[in-house]
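Here's a solo chain for you in structure tokens, the form predicted on its own.
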Amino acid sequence: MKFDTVIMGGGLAGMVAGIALQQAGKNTAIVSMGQNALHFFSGTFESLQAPSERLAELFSAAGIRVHYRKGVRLMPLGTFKEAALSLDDIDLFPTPKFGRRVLIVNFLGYHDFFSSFLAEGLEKQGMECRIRFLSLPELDNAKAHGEMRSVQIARSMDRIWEKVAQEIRLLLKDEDTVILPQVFGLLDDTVPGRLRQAIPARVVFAGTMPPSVPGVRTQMQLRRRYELLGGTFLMGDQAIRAHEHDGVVHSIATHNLDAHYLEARNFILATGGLYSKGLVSNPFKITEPILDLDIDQPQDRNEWYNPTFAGEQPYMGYGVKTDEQLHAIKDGVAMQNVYAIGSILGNTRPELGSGAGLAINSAFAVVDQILRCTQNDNEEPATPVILSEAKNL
């Protein structure tokens, strides 16, 4: 199959790049393993102070609602972190103390929400906390099959949110704030807002163990938008090798396509860092498995890690080397039509931000570079063709 651009990785960086290129009239494909960093998404876009008009339009068209307010957000263990741009159902507070008396509500049998840690953290900020558990028959089947995870619970919660609101109203005494796990709004993003209207106290949604319901919802919204624009989304597949000549990649092979290649004029590597297996390590070095790109890393392995377990670990900042235009570098030479975006960059491009900010900023930067390079291209748009492995060798 032949495309203008093939994107390896279906996380935030890959999806933003794919949507932006499709909007510009390019024919693209995204190869996605499935789970990615969005499944661990906190709901806050790190290092982005405010949405650009371009990002706001992209999110709005995808149905993703965000809000901006400098402050702090509540973390899953009762601590707080500075934040600004967030999904609409993620609260941002001027200070860590956002209430006087707090009711923390969990669901019986759900162990991925840390009620006691939340209470301990909030009490350190001067808030009085009370913890209660709801027993919901609608969750019995999930409980019996050991499927009490956030996404499984969320599928039920979107149907029974009114019952949950009624139960919480009965539990309330003199609390001014209710904290609930982030297990609402997976398929209907209006549910968190409806819950807030139905409960006579401030409702705050706190994070849980992954997968993240807001993150999974965001990925689904981005994918719908991408496919609506005509993009090809290859779900559950993985790029395994690239075919190149003189610093130019002509095609990639994937795990599922067998003897067929994906050909393109440009390739974007958005496969993530070590957690997403966009980078892999052995006792001697960290490598990039598809193209064997150059990695910014020290030769001495003792420098990879911080002996303090809870400290910042240096290896998490290692990433592929790129030139100014984010062309990936191999053997010291920039590849002409291969770009790297998102967390596979590590901390190599601090000017682009970190976390979600790095994903979005680098994606737009590469999209602009590709469009600049092709703005005078008068060739006809690429059309899908099937190519056998024998013809490409």
Partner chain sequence: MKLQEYTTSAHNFEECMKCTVCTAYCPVLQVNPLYPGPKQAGPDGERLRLKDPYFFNYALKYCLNCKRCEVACPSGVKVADLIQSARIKYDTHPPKLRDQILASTDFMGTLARPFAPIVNAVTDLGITKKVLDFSLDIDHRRTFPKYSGRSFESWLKRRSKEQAAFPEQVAYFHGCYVNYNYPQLGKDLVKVLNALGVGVQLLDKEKCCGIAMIANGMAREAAKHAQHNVEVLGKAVSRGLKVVTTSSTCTLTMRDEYPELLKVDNSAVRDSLLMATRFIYEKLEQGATLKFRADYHKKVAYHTPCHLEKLGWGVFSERLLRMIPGVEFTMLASNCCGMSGTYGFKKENYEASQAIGAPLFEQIKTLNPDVVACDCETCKWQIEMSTGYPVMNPISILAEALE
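Values in this document were obtained by computation on a predicted structure and should not be read as measured data. Positions refer to the first chain, counted from 1.
Just so it is clear, the following notes concern the form predicted in complex with the partner chain, a form of the same protein that is not shown.
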**Item:** the partner chain contact in the predicted bound form: G236, any heavy atom under 4.5 Å
**Value:** yes
**Message:** Can you tell me if M33 lies within 4.5 angstroms of the partner chain in the predicted bound form, counting non-hydrogen atoms only?
**Reply:** yes
**Prompt:** Taking the shortest heavy atom distance, is D258 within 4.5 Å of the partner chain in the predicted bound form?
**Reply:** yes
**Message:** If we define contact as a non-hydrogen atom of the residue within 4.5 angstroms of the partner, is D292 a contact of the partner chain in the predicted bound form?
**Reply:** no
**Complete:** Heavy atom within 4.5 Å of the partner chain in the predicted bound form, from candidates R196, H250, R130, R155, belongs to R155
**Of P96, P211, P76, G109, the one that lies within 4.5 Å of the partner chain in the predicted bound form (heavy atoms)** = P211
**Message:** Check for me: heavy atom within 4.5 Å of the partner chain in the predicted bound form, for each of H39, N141 and N282, yes or no.
**Reply:** yes
**Asked** Which of these stretches, 307-315, 240-248, 99-107, 259-267, has heavy atoms within 4.5 Å of the partner chain in the predicted bound form?
**Response** 259-267
**Asked** Can you tell me which residues in 1-20 come within 4.5 angstroms of the partner chain in the predicted bound form, by heavy atoms?
**Response** M1, K2, F3
